[in-house]
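Shown here is one chain on its own, the form predicted alone, set out as structure tokens.
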């Protein structure tokens, strides 16, 4: 049966676009609320020297989970501070606490409602099944469109991913209260609220807290995923280490997450029955904690608030002193960081995330005629869709025009001479690449766009394949970074190799693993090496372990990009 494809994706896109416009005010309110709550927590836990918070948390763990956990907490937090991840750890802790608070605020009432109403349970449970089986990355897509790039979409995605255990366990705990106790409370004339709060909730508390504990652990597991949309913290450090193949940094940030997970797990497990509750009653200990928090907030409230420097109507004030970037391992991110230093942009911050998140943020700002500064490169379809301009770079931090090279593993010429020859002869122009990118942006899959371009440019393709041997089913693996330029070029050359008899697989990776894969022979080739500056660090690291076949496209450019309606023309004007 050759049935037409149901345009489900288009329907979802239209629905999300309608929600984005119709509820823009609500999303702004939610963003401001979560940002305020997050800043509140960061300010509290970050007040004073780190040793103060370390001692308080260690004493709390010792009280709830015995002295051995107190010592572990003290030593592990000191190690995190010593390794230089203290600020990241506090940000991660704040993200998890906000996600946990939202989970309790919404999850427990929903769990109670579903326990008391079978109709609600029949509706809620299938939704929870859907939420738990849907890949966590999917939650990031609408979160970016609704809440922009940064920590808020990460928190929202973490909350959605983590709320299911709290709802399920609350529902289970309420339903498992013995019927004879329910009947006894009814016989004594208890109201529904009295029965809930004096009979069901106390008996269900251990089960509910187990659900909250699981939700907090799930929220913590999302910190790396949330870093894809610009959420700060240890997750961003892990993501940066992966993209740059920095094993040491990855281990340090990873072990810091493990320490925090152990601390939160033990703390939430033992809050109800502290290990030393028989010596000091819990209400006194937690009263002291509340007093410390309130005292910290009062002191901070009396302190003079530091305003952002400069004119709030200038470009810095209008953009919150943020430059929207892409994946942390990308060479252009290193150049952007260098530009902040070279031009003395001390108040500015480069926001890490992904190229998709950056484009989503650009689209939102462009539609509302709001100023925005992004890291940009050409060729790219965004220059066709949006009216953009590069900011002048008088100090040449981003370099001049660059080239894109083809790189293959050593031994490929002997193992697959036909593929080697095609890759060596692969060369096209910026207009060709942009045509493929436009096809993809218009709704074609990368594979379909590549096939369409190849069918329309047979004369050019024939030059690439001239004199090459057939593949006869030999396997080829091409690696690429999820930039629109590399998606276009890798799919095109992949289709050409496939049509010439090769069994081609395409592997999407980060920039560091892309070079490492070709260098160690686990991948055969890449056609997205931006040289001489963007990928300079990776190229120099592995240049003795692969073969550079030279450029396949020239005339590329990197820099900071703004919409043309933004009234600045140079990076120097950002000061």
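Numbering follows the first chain given and starts at 1. Just so it is clear, the model here is predicted, and its values are computed rather than measured.
Not on display, but discussed next: the form predicted in complex with a small molecule.
> So which of 471, 494, 331, 165 gets a non-hydrogen atom within 4.5 Å of the small molecule in the predicted bound form?
Contact check passes for 331.
> Let me know the one among 161, 426, 480, 377 whose heavy atoms come within 4.5 Å of the small molecule in the predicted bound form, would you?
Looking at 161, 426, 480, 377 one by one, just 377 meets the 4.5 Å heavy-atom criterion.
> Please check if residue 534 has a heavy atom lying within 4.5 Å of any heavy atom of the small molecule in the predicted bound form.
Output for residue 534 is yes: heavy atoms within 4.5 Å of the small molecule.
> So in the predicted bound form, does any heavy atom of residue 546 sit within 4.5 Å of the small molecule?
It does not: once the small molecule is placed as it appears in the predicted bound form, residue 546 has no heavy atom within 4.5 Å of it.
> With the partner left out here, check for me: in the predicted bound form, does some heavy atom of residue 326 sit within 4.5 Å of the small molecule?
So residue 326 counts as contacting the small molecule.
> Does residue 227 make contact with the small molecule in the predicted bound form, using a 4.5 Å heavy atom cut-off?
Judged by the heavy-atom cut-off of 4.5 Å, residue 227 is well away from the small molecule in the predicted bound form.
> Tell me which stretch of 534 to 542, 37 to 45, 59 to 67, 518 to 526 has a heavy atom within 4.5 angstroms of the small molecule in the predicted bound form.
Looking at the other structure, the answer is 534 to 542.
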